[in-house]
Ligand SMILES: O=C(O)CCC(=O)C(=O)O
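Shown below, as structure tokens, is a lone chain in the form predicted on its own; questions about how it binds or moves come after it.
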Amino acid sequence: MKFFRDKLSSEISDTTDISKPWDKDNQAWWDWYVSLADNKKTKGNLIKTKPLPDVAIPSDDEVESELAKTYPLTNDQIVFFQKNGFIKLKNVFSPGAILKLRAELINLLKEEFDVDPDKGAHDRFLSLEMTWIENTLLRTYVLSPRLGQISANLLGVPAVRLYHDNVLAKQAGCGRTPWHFDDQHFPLDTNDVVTAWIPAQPTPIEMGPLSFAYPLDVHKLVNAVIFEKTGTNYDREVSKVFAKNRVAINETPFELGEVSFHHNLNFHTASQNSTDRSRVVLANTYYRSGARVINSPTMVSGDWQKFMPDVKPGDLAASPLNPICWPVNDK
């Protein structure tokens, strides 16, 4: 998180002072954060999506068995991730495992928000987190040895812990997610942090898949752009810098079972969901075991103590809610 802290010291004002901790819940944090996006929403009818594929849905035991197996990463894939800060991997999950995940996430969202995310243009970004604690099926996906192994291999570290899970539903008609990098969000003293972004449906361009700026060090181009806690200026300025420098952007659809992994210094965004179906995602963040919490978390870190209860600034980031996900035999 050192890059973000360096920016804070250069210019402080009412709009840039984020030193106070976040004092609301996680959904309020997301409502605030998506308001920072420079949105020019496309008007007109929402694009009708194809029916979800008709595939066999595995049992809970079959999903657990599937996700206990390692994924055959190549050296070229690891090099690509470490150079560019992201990678998209096909067939991380079977189609049935993804559709089983989607059904469970939709049920959780209905229960929490009393709305069917797939019916109507609700135009909101919904979020749930820490679902794995009470939901046995979600625990299988979040603490998956397969995801832990991929994350550790991509980062080149011996062991990774879970920071948190996030259920993210960009509803029909919901606008852009602002340009950002996750170094702003995780109050950890390491850059060995990666997020597995798991779309729970085929995700065409019109649905607003995650898109990535690369290579990894393009974050240095916008290091002088001051983050502002109100308005859309930060998002606009990052876009301008990237356009001026002809920064490469990967914006491609996600197939069913395809998962992206992005580094905490990778800049990414997502466009408007112009379809009639919610873009539902499970996003799990993993970090190098042995990291500590920084001394001064900010409001951009959100409700971080919910994810690391009884851990204080400066402490080892290793609460009971941050289990080691890889290797599986490491206590």
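We number the residues from 1 along the sequence you see. Since the structure is predicted, the reported quantities are computational estimates derived from the model, not experimental observations.
The same protein also exists as the form predicted together with this ligand; that form is not shown, yet it is the one meant from here on.
- A residue is said to contact a partner when one of its heavy atoms sits within 4.5 Å of a partner heavy atom; residue 146 fails this definition for this ligand in the predicted bound form, lying far away.
- Residue contact with this ligand in the predicted bound form: residue 182 places a heavy atom within 4.5 Å of it.
- Using a 4.5 Å cutoff between non-hydrogen atoms, residue 218 does not count as a contact of this ligand in the predicted bound form.
- At a distance threshold of 4.5 angstroms between non-hydrogen atoms, residue 270 is in contact with this ligand in the predicted bound form.
- The contact with this ligand in the predicted bound form, taken as any heavy atom within 4.5 Å, belongs to 195 out of 171, 201, 195, 127.
- Taking 210, 155, 98, 213 one by one, only a single residue has any non-hydrogen atom within 4.5 Å of this ligand in the predicted bound form, and it is 210.
- Residues placing heavy atoms within 4.5 Å of this ligand in the predicted bound form fall in a single listed stretch, namely 172-180, out of 172-180, 243-251, 70-78, 146-154.
- For the stretch 240-264, the set of residues having any non-hydrogen atom within 4.5 angstroms of this ligand in the predicted bound form comprises only 262.
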